[in-house]
Structures are given as structure tokens and as C-alpha cells.
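Read the single chain below, which is given as C-alpha cells and is the form predicted on its own.
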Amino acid sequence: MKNIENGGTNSNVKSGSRTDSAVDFGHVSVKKVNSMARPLIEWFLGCQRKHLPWRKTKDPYRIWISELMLQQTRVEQAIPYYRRFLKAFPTLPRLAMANQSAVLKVWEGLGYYRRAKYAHEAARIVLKDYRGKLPNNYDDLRALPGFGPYTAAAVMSIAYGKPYAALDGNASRVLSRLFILQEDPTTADAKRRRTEILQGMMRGSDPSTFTQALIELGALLCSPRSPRCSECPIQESCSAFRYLPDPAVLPIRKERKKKPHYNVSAGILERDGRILLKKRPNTGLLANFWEFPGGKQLANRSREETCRIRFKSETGIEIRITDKICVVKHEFTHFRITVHFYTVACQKSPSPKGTARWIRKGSLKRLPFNLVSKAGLEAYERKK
């Protein structure tokens, strides 16, 4: 790509500051930048997705929960979880007073469970230190668990109407094209520059409406691979539209590393109306979730042998394989797994070791499972 970008940025603007600075806006004048907000907001008011439930509230708690759910989750997937979560925990104090297992159970299936744990931890702090109301101070929000720069800025701008630049993937992509920003958008310098530019764009506008409008533009029109430039309300100000044959080449995407893949074997053991489960540690991946005993494929061992060996290692119980139930594939952030589920049997019902427990089947619905274990349990129930 031909580099037609003018200079760089020399600014000490912090998110939320109204201080003017020498931010570089490429081929667009500062005056033009400030004038982008009006057509963008007018477009948003007429074309926004009005069925989104979080658009119907100014409650900081509900806006915060929506922002947590929308990180790394598609909008349509998040909607039923958002409604279910708020039905269970309609207020921040209700969330704070719940036990973590109940919170994880309601979040079950949405993935990235650390978000739910942070929400629970943050709610408890807010109930104790802020009388149950999210603080309307950026630094106070940033001090809470799970409040990164984007989440804090989004709550400040959308819920409290304060001029904080909320830079998510959609907003970053729009800015990359508006000003032909060619650096990797995931670097700290790129994020800082985009935040400064975004701060200048929103100056003089209603922060809540502007923030939502720019994110909506990225979600509906300025999409990653097939931008609908002909419908864009700020098309005339877009340098990529004016100077590049295909605006979709921006932002520059770094090549993704191939994720490692692991085969896993797991056994489902039932005796006398109880199923043997083990609880994961309270830190790390899928912390505090319940799953079936098993583990990664052992070298030079069959999947059935792996299941028997791993099962005994985790529970202390000798088992034999009786049947194969299903195969479940899943992709995590940094790796992929294929889990082979088996029904297993043992001679008696010994007391398991470690975190393994016999759980009555009627109690299973109250326990949080990850998606893979839940799929295995559902397949087991169907096959019985």
C-alpha cells in the first residue's frame, strides 16, 4: 500500500480530557473532523438497531453488563444472555449478594467466563465502597476488576454522558479508514493515537450518542471485509474511500498464529442416580466450573487407555470403558480441543479423591458447566 499518511502525532491528551492538541488527522482538517459528528449522529438516530435492549436504558449497571457481554461476543448471541442475566440479577446489589456459582450458571454458554467473575467481584466492591452505584469517575472505574480502558470509557460516555473516547474494534476500524492509519491497531501506540483522534472527533457532541453512533457505523456499514461505503454518512470525509481502491485493506491485519490442537478423553460415570464430576481450580482457565474427569491424549496410548489412566489419576477410581458417547470440538482463545466422551463403569462407588464429587442428577442443573462438558452431558442423556 502506498503510504500517503502525513506525519504522526505529538499529543499528551488523556482519555476524557478536553485539552486541544496537535493530533494529526491525515488529509482531513481539524474543522472537518469536528463536523463529522453531526451527520454521523443523524444517521445513527435514524438507522440504529432499536431492538437492542441496552439501547433502552441509561442505567449504568445495565450498560456495564451489556458492554461486558459484547466483548468477544456477537450482538445477536449476547441479547438472550443479557436478558437472562438481568432477570436473575436486576440490580447491582443483587449481583453482589449472589454466590459466584450462581453467577457462572447464568453466564453459562456465553464463554470468556472471566468476564462474569470480574463482574461479580466488581459488584461486591461497588456495593461496599460506593453504596451499590457504579462510580461516575473514570479512575475509580479503572480500579475495579475487569474495567479496562474501553469498558471504563464506554460506561463514562454512554451511561454518564462524559467525553471519554471508547475505542473498541469497530471504532478502531472506522478510524483506520477515515485517516488511513496503517500501523497495527493492536499496539499500544496505535491505540493511544486512535484514542486521541477519537477524542477530537467527539468534542462538542453528546458523548453518549456519539460513542454509540461510531460503534454502530463500524458494526453495520464499515464492516471488516465488505464495507458499504455508498451508505456511509461520513463518506466524503473518509480518506480510504477517496484515495484507496479498496478501503477494506485497512486496518492492516497481522498474520494470526495457528492455534495448537489437543485431543482429550473424558469419562461419564453414573451410579445410584449420581454422576461423578470434578471441579476445576478457582484460578486459571474455566475456574470453578464443573467437568467430567479425563485429560489430554497420552503419547503412545489409545483414547480409551488415556481415559482410564487420566480418570484414575484425577479421581483415584479404576474404571472400564463401556461405550463412546460423542465427540465435541471447541475453540478457545489460544488453542483448540476435540473431546472424546465415554460412558465408564466401576466395581463399586468409592470415595473419590481431589476435587471429584458424586453429584445427584437432580442437582446438575444448578452447577455451572463449560460448553464442552454441557454438550457431553446432553449427549449422554439423549443416548440413555
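All values reported here derive from a predicted model rather than from experimental measurement. Numbers follow the displayed sequence, beginning with 1.
Omitted from view is the form predicted together with the DNA, to which the following refers.
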(request) Mind telling me which stretch in 235 to 243, 304 to 312, 291 to 299, 249 to 257 gets its heavy atoms within 4.5 Å of the DNA in the model of the complex? (result) 249 to 257
(message) With a cut-off of 4.5 Å between heavy atoms, is I321 one of the residues that contacts the DNA in the model of the complex?
(response) no
(request) Although the DNA is absent from this view, report whether S208 comes within 4.5 Å of it in the model of the complex, heavy atoms only. (result) no
(request) Report yes if any heavy atom of Y130 sits within 4.5 Å of a heavy atom of the DNA in the model of the complex; otherwise report no. (result) no
(request) Considering only heavy atoms, tell me if G284 and the DNA come within 4.5 Å of each other in the model of the complex. (result) yes
(request) May I ask you to choose, among P145, P93, P80, G161, the residue with a heavy atom within 4.5 Å of the DNA in the model of the complex? (result) P145
(request) Find the only residue in R228, K87, R74, H261 having a heavy atom within 4.5 Å of the DNA in the model of the complex. (result) R74
(message) D59, S101 and K365 - do all three of these have some heavy atom no more than 4.5 Å from the DNA in the model of the complex?
(response) no
(request) Sequence order please: the residues of 180 to 202 with a heavy atom within 4.5 Å of the DNA in the model of the complex. (result) T187, A188
